[in-house]
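What follows is one chain in structure tokens, specifically the form predicted alone.
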């Protein structure tokens, strides 16, 4: 089996990827500064280099590790991913998501690592119409977060064209849920993902009931914007289970590793299900699976939010054989809630 570099491997998506790789017999080297990741999320046997991608000491440690046991390829998940924060601090996002990505790519070239996979986002598309989004859809990011990822993509395309490394870019839609075996999940308390927040609201509500807290201080769930041009006035998103995201990476990785020729054209793949759900529909689903009718408060729109995104993933399926295993909103909500309850039990 191979040795794979996973940056951001202690984070939400990265940790799921590490468990999948280790489960298939691969050796995993992780770079993570643990600013949002958690070392306990890593599977046993993983080697962790703690620090930021591109930092001189991490670059030296990476070179040492590669000399000791060569890397077959790299998956780059380390990034900042909050749309609202990117609006306030765009330069921070361009440094972390764009410049650090390109510095890492250059180091991997110097180490002669043959393939590289970038964790990207559907946010590069910006506002879209009612059709499913294909990879050749025009890109027009509506936030600095999306723009920072797009710049990283463009830089990697130029990088691949100049050197011939095999490069794949995966544009995720809205990642949610948790490992069905409860080995890892979304553990960042300040996460802004809707399903994560809804699960946190359920758990806070349950704790309040258990402690006998007054209903007047019950936790609430806020909807940001109810005047969008959709069937119920709230945004529509294509939610994809995090384990299917990891599965997509495995499928693309196998295609990269099985290729015997260099390429000067980075491959771009969408990852999603093509079935969007509104904010109201997601909250109703979480209420249904939890049995908790938490209060919902309606508020104004947030800057940087887009109206509708829905994925066409036929290229990924046709070229790699990827097929989703968890394409069910109820299952996504159930695993997210099970993980949130698990986190809450640890703090009791």
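What you are looking at is a predicted structure, and each value in this text was computed from that prediction instead of being measured. Positions refer to the first chain, counted from 1. C-alpha atoms forming the largest set that superposes within 1.5 Å between two forms make up the rigid core.
The form predicted together with a small molecule exists for this protein as well; it is not shown, and the discussion that follows is about that form.
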Practice item. Heavy atoms, 4.5 Å, the small molecule in the predicted bound form: which of 251 to 259, 233 to 241, 108 to 116, 160 to 168 makes the cut? Say which one. Key: 233 to 241
Review point. Is there a non-hydrogen atom of residue 183 within 4.5 angstroms of a non-hydrogen atom of the small molecule in the predicted bound form?
Key: no
**Study point:** in the predicted bound form, residue 99 touching the small molecule (heavy atom, 4.5 Å)
**Key:** no
**Study point:** the small molecule contact at residue 224 in the predicted bound form, heavy atom, 4.5 Å
**Key:** yes
Check your understanding: Do residue 279 and the small molecule come within 4.5 Å of each other in the predicted bound form, heavy atoms counted?
Key -> yes
Exercise for review: Name the residue from 268, 142, 150, 194 that puts a heavy atom within 4.5 Å of the small molecule in the predicted bound form.
Suggested key: 194
Exercise for review: Only one of 65, 27, 305, 319 comes within 4.5 Å of the small molecule in the predicted bound form by heavy atoms, so just point that one out.
Suggested key: 305
Review point. Superposing on the rigid core, do we see a C-alpha displacement of 2 Å or more at residue 225 between this form and the one not shown?
Key: yes
